[in-house]
Ligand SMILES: NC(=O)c1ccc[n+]([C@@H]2O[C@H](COP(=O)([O-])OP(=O)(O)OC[C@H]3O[C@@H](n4cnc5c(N)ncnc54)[C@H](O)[C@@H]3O)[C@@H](O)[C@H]2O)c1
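In the form predicted alone, a lone chain appears below as structure tokens.
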Amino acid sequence: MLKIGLLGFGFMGVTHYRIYQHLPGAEVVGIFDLEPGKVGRGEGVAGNIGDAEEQLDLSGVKITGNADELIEAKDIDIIDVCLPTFVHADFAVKALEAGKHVFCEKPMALTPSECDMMIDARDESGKKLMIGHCIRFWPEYVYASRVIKEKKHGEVISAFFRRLSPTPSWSYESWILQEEKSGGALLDLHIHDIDYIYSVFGNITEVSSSGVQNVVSPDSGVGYVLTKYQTGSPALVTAEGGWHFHEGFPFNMSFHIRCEEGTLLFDAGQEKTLAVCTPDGKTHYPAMPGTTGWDEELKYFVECVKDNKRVDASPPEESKTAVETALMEHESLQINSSVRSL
């Protein structure tokens, strides 16, 4: 049984805790949060997807306001970092240096140099490190990846990805709405699609972005972006992401991918989330498993630790690339011109 110390008990921390409760071979034995009293009461928190409001069973779990108690505990195997982005690198490096395997929520960090610190610590410790890019594991996106890579419907002609949210007002001391701490919507929300695009279309060599900045507050940064990508594919690839919408705006996670012999349509808000339209005028609805990308990524990481396998499905080196691409988009937006990778 792998013992897990969970750092951070906001929306993602609570989500991870629920998953671990039903994941064979894993057990959360300790939780750190800046508000340990809140954790002790088993309170849920708000987020984009899913319901985090039901009461939690925390019996037998150590609750602490000192993260080092879990990082240095001899009986803990994995540290799961669900803390604000601006401290990801610090806590991940500390945990790796303490001999712990680390699962860290996305984005990996705010800068490529911080990402390098995490990768170096992994290499020096010999432990596993994985970043939570859950979209690589989300069933509908997994299906689309397979269709694209196997050319089931021929080559991709165009692909459009969308991820829109009301303003995330639920974070601790509003850290998400401070670009210097979260990276804004680019690094915290839109990066999901950046990473997925890289995973299926290959190296992103150029971006051209337009967007909206500082609408939510003077220091909230990029709140909305629309980007066209040059990739390893000749397909037209674009993505739209943002969280500058008013309260009550429905969260939207969707894509449409037009191939030579079929079009894939996904919308998380639909009852039948995924449709495949074919040239014969028919529409098919592939059956999807009743799991989320969060379930599948944590299951995968636990298996990698348990079986001592490489973290190939979402390697940290590619998570760093997603950060670099997000920063390219930020630059493109600032200069109102396309930006090429180095």
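On a predicted model such as this, the values are computed, not experimentally measured, just so you know. The first residue of the sequence shown is number 1, and the count goes up from there.
One more form of this protein exists, namely the form predicted together with this ligand; it is left out here, but the text below deals with it.
- For the three residues R136, D195 and V222, a heavy atom within 4.5 Å of this ligand turns up in the predicted complex in no case.
- Among heavy atoms of Y143, none comes within 4.5 Å of this ligand in the predicted complex.
- In the predicted complex, P84 approaches this ligand with a heavy atom inside 4.5 Å.
- For Y300, no non-hydrogen atom is located within 4.5 Å of this ligand in the predicted complex, even though that partner is not displayed.
- Using a 4.5 Å cutoff between non-hydrogen atoms, L34 counts as a contact of this ligand in the predicted complex.
- The candidate stretches are 75-83, 228-236, 93-101, 199-207, and the one lying within 4.5 Å of this ligand in the predicted complex by heavy atoms is 75-83.
- Using a 4.5 Å cut-off on any heavy atom, the residues of 156-171 that reach this ligand in the predicted complex are, in sequence order, W170, S171.
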